[in-house]
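A single chain comes next, written as structure tokens; it is the form predicted on its own.
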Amino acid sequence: MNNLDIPATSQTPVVCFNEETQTLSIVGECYPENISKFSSPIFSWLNSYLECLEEQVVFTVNIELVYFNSSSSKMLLDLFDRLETAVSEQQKNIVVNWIYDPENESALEYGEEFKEDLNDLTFNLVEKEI
């Protein structure tokens, strides 16, 4: 599977996949003018990756967003839905780590809200070490 490497811009986070560790990281701020243009290559890559992902391999998604807007929130919900479907219907082993700054209460609250909507996907709230 090809690594995914999307550099950060002033309005989008860095998105990278490390094949050695089977970890997808999304880090930064996310408020692109066109969320579809930003997310389309990510979801295309993810769909291909999930098809090839073997059940015994743990796929980790680390998300550390300082700020995101409502369209980005919708994109995240779509991401979590796709990951949860892969867990529940295809028995994939996926872990999401929602990494938040302890001084950013809204980041923790968003993580808690996302977690509430998920049943099968392992979703960890991880306080960032400062």
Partner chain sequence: MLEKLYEFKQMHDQCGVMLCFSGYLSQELMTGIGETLRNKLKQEEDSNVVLKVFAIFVEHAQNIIRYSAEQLVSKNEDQTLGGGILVIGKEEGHYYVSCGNSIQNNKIPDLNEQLTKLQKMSKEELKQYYKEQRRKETPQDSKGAGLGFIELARKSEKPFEFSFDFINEQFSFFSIKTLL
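Just so it is clear, the structure is predicted and the values come from calculations on it, not from any experiment. Positions refer to the first chain, counted from 1.
Only in words, not in the display: the form predicted in complex with its partner chain, which the text now covers.
At a distance threshold of 4.5 angstroms between non-hydrogen atoms, residue 11 is in contact with its partner chain in the model of the complex. Its partner chain is not shown here, but in the model of the complex it comes within 4.5 Å of a heavy atom of residue 104.
Taking the partner from the other structure, its partner chain in the model of the complex has a heavy atom within 4.5 Å of a heavy atom of residue 70. In the model of the complex, its partner chain sits within 4.5 Å of a heavy atom of residue 29. Residue heavy atoms within 4.5 Å of its partner chain in the model of the complex occur in exactly one stretch of 88-96, 74-82, 38-46, 52-60, and that stretch is 74-82.
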